[in-house]
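Presented below, as structure tokens, is a lone chain in the form predicted on its own.
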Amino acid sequence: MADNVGVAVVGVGFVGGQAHVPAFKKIEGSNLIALCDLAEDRVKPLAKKYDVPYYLDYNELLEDEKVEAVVLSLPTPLHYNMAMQAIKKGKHVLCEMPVAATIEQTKELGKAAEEAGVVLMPNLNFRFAPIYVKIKEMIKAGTIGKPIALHFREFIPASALAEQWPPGSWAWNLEKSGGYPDFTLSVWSLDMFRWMFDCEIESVAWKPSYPKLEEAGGITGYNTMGVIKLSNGIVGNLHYGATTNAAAAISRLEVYGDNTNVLHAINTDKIILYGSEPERQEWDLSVRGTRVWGHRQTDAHFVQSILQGKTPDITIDNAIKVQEIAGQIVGSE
């Protein structure tokens, strides 16, 4: 077995540059070979900081024999072609979600990777986020008895949405993206529910709303509600929103049990248990850096899967299932 995997991070924006690059520079078994981005003013200083070369040409990067795996941190419309190019070159691929704009393309990539004998792993990093790992452990330990219902809300500031995806961006083009930003951003939590409760999402009903937000430069925001039922009987209410200001931004999961206890997971660091005692119990998780949302742990799992010749715990089938569920938002307008 090889000692390490030569990795290149392609796309060094927010997730690529601030999560994947520092993670692959540090995790065991990883050898960060190069960075790649079209914007030299963005990739050059980052390459200098981490003491690695950089490429502006993706095709040239793929010719580098030292690069055994690529991490695609790019807009969704670029995923399919760039992942397919890497697979055909015999490179392993860690791809941001959604893997492709359509289910058909995602399946094609999965088939191509299987035929090439390479790892194609979707970046469903919520499975590794410490706060959700802890919640799952508490549920398995019987803290709330049998889970019977959940509420989840994820509010992203309208200003952040406008900065990332301004009017006219690919994210609002259904053909290019597969869905609006609510589709694009819901896949991680939908997969997390499947993983956390060890079951499938049996049915879903979506009600989306897309108001124009003059206060945020005229972008189209979203408030999307979903009602789900899991195959183990759990019912849930979901609210994905990007029409609030920064002060109201939050990620909050509430899980209700049949022993009347309730668990809350708030943002990335606080867990609250409303149990039988009069006072609620609280846990503050001291997690920082690239581990917060599970990126570093995901990257480490990707590398170890390659080194050990094993199929990752997160497969292309996982991506397909949540993209199918999230994709139903588009037809619910």
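Note that residue numbering follows the sequence shown and begins at 1. Because the structure is predicted, anything quoted here is derived from the model rather than measured.
The discussion below concerns the form predicted together with a small molecule, not included here.
- Remark: of stretches 238 to 246, 257 to 265, 162 to 170, 201 to 209, the one touching the small molecule in the predicted bound form is 162 to 170 (heavy atom within 4.5 Å).
- With respect to the small molecule in the predicted bound form, the three residues C36, L74 and L78 uniformly fall within 4.5 angstroms at the level of their nearest heavy atom.
- Checked against the small molecule in the predicted bound form, the candidates A158, M82, V119, I234 yield a single residue with a heavy atom inside 4.5 Å, and that residue is M82.
- Contact with the small molecule in the predicted bound form, judged by any heavy atom within 4.5 Å, is made by just one of F152, W188, F128, Y180: W188.
- Taking non-hydrogen atoms only, M97 approaches the small molecule to within 4.5 angstroms in the predicted bound form.
- Contact check for H295: a non-hydrogen atom falls within 4.5 Å of the small molecule in the predicted bound form.
- Although the partner is absent from this view, I316 stays clear of the small molecule in the predicted bound form, with no non-hydrogen atom inside 4.5 angstroms.
- The small molecule in the predicted bound form is not approached by I320, whose heavy atoms all lie more than 4.5 angstroms from it.
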